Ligand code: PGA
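Below you'll find only one chain, the form predicted alone, shown as structure tokens.
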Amino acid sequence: MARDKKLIVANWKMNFTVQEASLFIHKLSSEVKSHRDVEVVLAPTMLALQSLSLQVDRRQFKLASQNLYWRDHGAFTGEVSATQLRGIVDYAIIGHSERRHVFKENDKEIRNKVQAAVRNGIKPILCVGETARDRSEGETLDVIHDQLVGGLANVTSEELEDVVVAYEPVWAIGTGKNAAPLDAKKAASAIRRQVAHLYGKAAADNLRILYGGSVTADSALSYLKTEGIDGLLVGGASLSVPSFAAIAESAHKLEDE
């Protein structure tokens, strides 16, 4: 996957009813302009995906699932598989810190989900990042290394072309605290070094890396300007039409500077 487009992903988490999501996208579509150099992806709740897939203009917005199950079918009550999401979403967020720390997903589950997404033609957005304790103990790079190796264990070099990695420091998510752009740069560099070790320099250079963690309309441009960062994974600010539209537009303005 070429890095010529900035990738802006809205993670709505457990917000909006189906009706609210539909109205939100209707409003957002009039505020977010389509640009060839920016790809905008929306990740609503699973319940809204089917109806929104019929509503959105895929030239303006792509859809992502916030999660999926790694088996394609079977007796797994309450789960939704990548096979069932095929044709509805283009991306899937996998290994988000809330899945790791609230729902206790481990590296084996996450790598199975990454593989399931790829197997079904869905681009996985693999999330990696350290907790406040990891950071205070100087273990940020070790955590990133372990989560990358664990998450990509079943991915071939050819499949890696469709993988996106999001660096999301856990201590910055929903806290109002931000990692400094320099921190994001260091993390992106560490991610590329590890991917180069696993798959070679060309694959590492081609990998798209996002930053996520209390991104706002005011801070977005500073991250998008950061070396090695190819886009943003936006949480709270994606629930506001003006804020998210401004973030998406800042990615296009970056190309004009």
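From a predicted model like this one, the values you see are computed outputs, not experimental measurements. All residue numbers are counted from 1 along the displayed sequence.
The following text describes the form predicted together with ligand PGA, which does not appear among the structures shown.
Looking at 91-99, 180-188, 143-151, 112-120, the stretch with residues near ligand PGA in the predicted complex, meaning non-hydrogen atoms within 4.5 angstroms, turns out to be 91-99. Contact annotation: of the candidates 164, 155, 82, 172, the single residue with a non-hydrogen atom within 4.5 angstroms of ligand PGA in the predicted complex is 172.
Residue-level contacts in the predicted complex: of 214, 67, 60, 226, one residue has a heavy atom within 4.5 Å of ligand PGA, and it is 214. In the predicted complex, no heavy atom of residue 248 sits within 4.5 Å of ligand PGA. Using a 4.5 angstroms threshold between heavy atoms, residue 130 stays clear of ligand PGA in the predicted complex. For the stretch 208-239, the set of residues having any non-hydrogen atom within 4.5 angstroms of ligand PGA in the predicted complex comprises 213, 214, 215, 233, 234, 235, 236, in sequence order.
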